[in-house]
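For reference, the chain that follows is the form predicted alone, supplied as structure tokens.
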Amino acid sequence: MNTRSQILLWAAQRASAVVLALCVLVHLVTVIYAVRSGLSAAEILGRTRGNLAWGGFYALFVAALAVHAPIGLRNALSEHLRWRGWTLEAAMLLLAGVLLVLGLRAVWAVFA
């Protein structure tokens, strides 16, 4: 992989880390609020169903994860197992796609 591609992957992982950190913070604050308020699962789902803001927030969360995790795993596999080349790139693209599809299905289940 050329230097430009490596720089782009580095930047994408750092940017996705910032988004993930913010999403985790919002998610944890929301969970703590819901638990302390005594909300049931049905009440929580009642608040999230059809709410575009929450649907968009969790879709962003999933997208950031689908970018961040495969890049980090790619680096770990390359360094520790010396796995390189197109097979590694293809496997990580497949992983990113699987994470995105499954994550968005979960978001849709809570939103719709």
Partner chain sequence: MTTLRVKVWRGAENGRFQEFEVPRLESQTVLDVVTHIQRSLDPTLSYRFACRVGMCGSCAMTVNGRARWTCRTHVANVAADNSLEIAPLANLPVVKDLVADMTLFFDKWAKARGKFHPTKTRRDGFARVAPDSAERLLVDAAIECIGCSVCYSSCDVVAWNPDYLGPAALNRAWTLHNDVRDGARRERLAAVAGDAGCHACHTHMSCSERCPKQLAPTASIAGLKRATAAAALKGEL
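Positions refer to the first chain, counted from 1. Nothing here was measured: the structure is a model prediction, and the numbers come from that model.
Quick note: we don't show the form predicted in complex with its partner chain, though the next part is all about it.
Taken together, 4, 8 and 74 are fully in contact with its partner chain in the predicted bound form: each brings a heavy atom within 4.5 Å. Only one listed stretch (48-56, 25-33, 79-87, 61-69) carries heavy atoms within 4.5 Å of its partner chain in the predicted bound form, and that stretch is 79-87. Counting a residue when any of its non-hydrogen atoms is within 4.5 Å of its partner chain in the predicted bound form, the one hit in 14-31 is 14.
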